[in-house]
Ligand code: GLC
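Given as C-alpha cells, the chain that follows is alone and in the form predicted alone.
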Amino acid sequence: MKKFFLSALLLSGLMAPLAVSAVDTYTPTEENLQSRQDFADRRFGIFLHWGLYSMFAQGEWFMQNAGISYEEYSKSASAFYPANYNAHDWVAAIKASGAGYITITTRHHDGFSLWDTKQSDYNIVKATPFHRDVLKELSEECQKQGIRLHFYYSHLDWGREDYPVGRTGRECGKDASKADWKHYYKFMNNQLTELLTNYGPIGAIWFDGWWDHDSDPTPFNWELPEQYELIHKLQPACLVGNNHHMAPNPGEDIQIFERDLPGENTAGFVDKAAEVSRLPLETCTTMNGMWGYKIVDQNYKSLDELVRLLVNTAGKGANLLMNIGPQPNGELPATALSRLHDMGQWMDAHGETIKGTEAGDIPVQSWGATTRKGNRLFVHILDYKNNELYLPLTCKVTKAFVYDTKAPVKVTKTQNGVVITLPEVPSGTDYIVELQTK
C-alpha cells in the first residue's frame, strides 16, 4: 500500500469542527483500505448530474434559483421521458475516455430519486411515464464493463416538509413548521440502505448539502457518524465522501475539493480549516460551466485544458472527477462525447503516467507537474519554452528520455538537483519526460 494509507488508522480518527455526535473514532476495514487504494489508482472519473432539472435545461439549481414551488415543479415528473437513455452507451463512452469510475446523482436537492425507491413515489419509476430504474440499468452495465460506480446523495431536500429548512429552498413553498428531523433522517437511511443493498457493489457514497445549515445560530447535528457507520456496515468497501468543504470527519474515507486542486481555493468553497489530509483526494469540476444540463452553456473545456487539469490534479496526488450534464432525452451532449473520445485517445497513449501513480517528487509548478510510479518519475511539461529545465530532486537519476519518442534526455547533476536538457523545446498538450530513479 502507498504511504498515505499506512497512516489511515490514525488519520481516520481526525476530528474537525463540524456538528457531529457520538462516534469520534473510526477504524476502516482491510476491505475499505483496499478500496481506497483502488479509488486512488483510477485517478480519473466522470460525474453525471441528471434528474428532473435536466428537462428545464437551466442547471440543477433551477428550482431554487427561479423560486419555483415544489408543488408546481414536481408536476414535471409526468413529462420526464428520457427515450434515448442507454446505460451501455454511457458506460462504453466513459470507459473509452480512460475514466475508471462514474459518480451519478441518485437524488439531488430537488428531492427526485432516479431509482425505484420504496421510500417515496417521487421517483423515476413511479412518477414518470418512463417507468425504468435507470440506476439498476447503470449498475448492471458498470459491472459488465468493469467501471466502478459511485452514488451522489443530497443531504438536503427542497421539497420534503420533514427536512428542516436551511439557507436554501426557502422559496419553494414548504411549511417549515412540519419539519421532523428524525423522520427525515430515517428516510435518508432507508434510501441509502436500498442503494447499498439492491444495486451491487458501490464504490462510494458522495454526500452533498452539509453547508445548507452552516450559518445556523446553533450547530445542526446531521448525525453523520451513525449514518457513515450504516454505510460501512452494509458495504465495508464502500467509501464515504462529503462535499462539506471542511476537514475530514471521522468515518470519511476520501476528501473532496470542489472546482479546485487540493490546497488551493480559487473558487471560494474551501474553509480555512480544510487542510489537505492524507486520505485519498478528489477534485470535482465541470466540463463546461454547469453541473446539470444548461442549453446555453456551450463553454466546454478544450482537450488541452482537460489534459492539463488531469495532469495537475494527479500531480497533487488526487483524482479528477469531471462532470457532464446529460440531456433530458437521456443522451450525453455531443460535445461532451467528443471530449470523452479525445481524452480516451490521449489516455491510451499516456494513461500509465496518470493511473496508478502518486504525486511526484516535485510539487505542481507553473511549468507543469510530476507523477511517480515506483522508480519511474514522469515529468509533465505543460507550459515551458526552453529546452533546459531545473528539477530539485534528491533521488539519483539513472536514465532519462522523452516518453513519446524515447529520445534520450541529458541529465546534469547540480548541487540541489538536476538539470535536464531536452532534444527540443517542449510543445504540444503535455510534453512528458520519464526519469528512472533510485
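From a predicted model like this one, the values you see are computed outputs, not experimental measurements. All residue numbers are counted from 1 along the displayed sequence.
The same protein has a further form, the form predicted together with the named molecule, not shown here; the description that follows concerns it.
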Glu264: touches the named molecule in the model of the complex, heavy atom cutoff 4.5 angstroms: no
Contact test in the model of the complex: Asp208 vs the named molecule, heavy atoms, 4.5 Å: yes
Any non-hydrogen atom of His155 within 4.5 angstroms of the named molecule in the model of the complex: no
The named molecule contact in the model of the complex: Phe378, any heavy atom under 4.5 Å: no
Interface residue in the model of the complex among Phe80, Tyr73, Trp291, Tyr199, criterion: non-hydrogen atom within 4.5 angstroms of the named molecule: Trp291
Proximity to the named molecule in the model of the complex, single hit among Asn243, Thr357, Gln327, Thr117 (heavy atom within 4.5 Å): Asn243
Options 43-51, 368-376, 64-72, 383-391; stretch whose heavy atom lies within 4.5 Å of the named molecule in the model of the complex: 43-51
Stretch 246-266 - residues with a heavy atom within 4.5 Å of the named molecule in the model of the complex: Glu258
